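Shown below, as structure tokens, is a lone chain in the form predicted on its own; questions about how it binds or moves come after it.
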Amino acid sequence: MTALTLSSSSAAGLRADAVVVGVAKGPKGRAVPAPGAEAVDEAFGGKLGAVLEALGASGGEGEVTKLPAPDGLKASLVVAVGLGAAPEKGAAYDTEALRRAAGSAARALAGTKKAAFALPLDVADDTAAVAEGALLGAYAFNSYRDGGTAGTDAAGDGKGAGGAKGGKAGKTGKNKANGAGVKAPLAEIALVGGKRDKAHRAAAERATVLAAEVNRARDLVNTPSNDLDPTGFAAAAQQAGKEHGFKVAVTDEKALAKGGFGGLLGVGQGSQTPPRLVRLEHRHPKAKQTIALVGKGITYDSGGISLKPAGHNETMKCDMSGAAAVLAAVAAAARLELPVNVTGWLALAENMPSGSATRPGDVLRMYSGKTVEVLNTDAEGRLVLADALTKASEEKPDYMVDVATLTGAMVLALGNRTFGIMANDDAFRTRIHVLAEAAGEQSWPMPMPPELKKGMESPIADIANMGERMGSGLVAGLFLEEFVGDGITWAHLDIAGPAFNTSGPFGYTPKGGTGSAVRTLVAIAEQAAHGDLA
């Protein structure tokens, strides 16, 4: 993974390949150098803003302008990145704007060994945002390119998360183009101009862990299904637990059958690779609360017998993004030594059509004892989650959150960058929304209209796995609620939109797996560690 340091050197004096400065939209639309750029502006004779304007820069958010460094700087390149509108006098820059700007700059510096980031770093929150954005922006997944290198070292062992079944994940740390001409990520980031006190150091350390775990989730999501099936995912979880000191227990298909996990078994029975239920556990002696995180882990979703149409299969390796987020969040809680007990549940299966696959019209008996009529085998995520939610409920956590790429309806409702939040408690739903926004993840509270339950009535089973087409994203949440234990405060995050970016990269978000919800889950765990979530 890209290295990060807090440097006492100035932007002018640090030996680096490039120096990154911020530029904002000032009065009358003029480009104004942001705090942190003073030394660079001085090297330009106080005319950095004018030079940038001459090059067409406006300070717009995410805009990147490269120019040769003048005499007076040890770096040979200056990278000016837009921060958007300059704040009012005395006001601070928005942390998400700093995060995205740092990510844009890091992406633009792929192939570079070392860059000095001279962005606004007045308070520890600024340091956290710049560090996090830069580290997330410096991500690349090059494991399968000829001669390529894994763009992160998320697991901390130089192996990346790919190749769980012995695939092609390579070594990290090389800073050169591979055989396909793809540049390696920026190798080293130095934050200059900020303080180096305890608060700023802690902010940088947290950002380093958080970025590593988001990148772990990205690696898992990006790994092709032929190298990451349920057994391979379970092995990756065991490896992560061994590295970072949290417990991992894997329930195989024989134990699932003995235990009556009809949802997991029903979804996975069409595949040659059997399903798994993985339990993760981070415990802390000073913990006062327990949270359970449950992730959908469909390592490939063909739709089963209800086969997806052409054009909808190519990215279905991402249908385990929820489980990837849960694994990463538990690892982050362990690495940060958060004083809260966190259990993670990975509901892992592959949804394939075959002679042994579940058919539309079949009835499954779930772990809870409820029977479910399967009207559509492509509504499989809620079936594996139902078993995991019931099992997690037995431990009576204080709070429970599930995460899933669950419905296309949520993408239609909220777009590709925002996830939906449903809950059985309005205050809890609002709290998660606030925490997600503060973490830099776009989210929106969604209702759970009780009248939609009627559409899931079945003439032969306790409930059907489908309901009304209109509002089907909400129907999915109502289905899951049926499997949440009594008295447990629960929320459901549908990350179908932001989990996998099929368009071009932006800010600190790459193309492909994004690591959506990891930062929100960690924020939830931190809030539970230091105060009540409700």
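Note that this is a predicted model, so its numbers are computed, not measured. So that there is no doubt, residue numbering starts at 1 and follows the sequence shown.
One more form of this protein exists, namely the form predicted together with a small molecule; it is left out here, but the text below deals with it.
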item: Non-hydrogen atom contact N341 with the small molecule in the predicted bound form at 4.5 angstroms; value: no
item: Proximity of R382 to the small molecule in the predicted bound form, heavy atoms at 4.5 Å; value: yes
item: Close approach of D227 to the small molecule in the predicted bound form, 4.5 Å, heavy atom; value: no
item: Residue contact check: K288 to the small molecule in the predicted bound form, 4.5 Å heavy atom; value: no
item: Option from 187 to 195, 108 to 116, 401 to 409, 80 to 88 whose residues, in the predicted bound form, bring a heavy atom within 4.5 Å of the small molecule; value: 401 to 409
item: In the predicted bound form, the residue from K247, R201, K308, K183 that sits within 4.5 Å of the small molecule by heavy atoms; value: K308
item: Heavy atom within 4.5 Å of the small molecule in the predicted bound form - residue from E441, E132, D301, D126; value: D301
item: Site test, L389, D462 and E482 vs the small molecule in the predicted bound form, non-hydrogen atom cutoff 4.5 Å; value: no
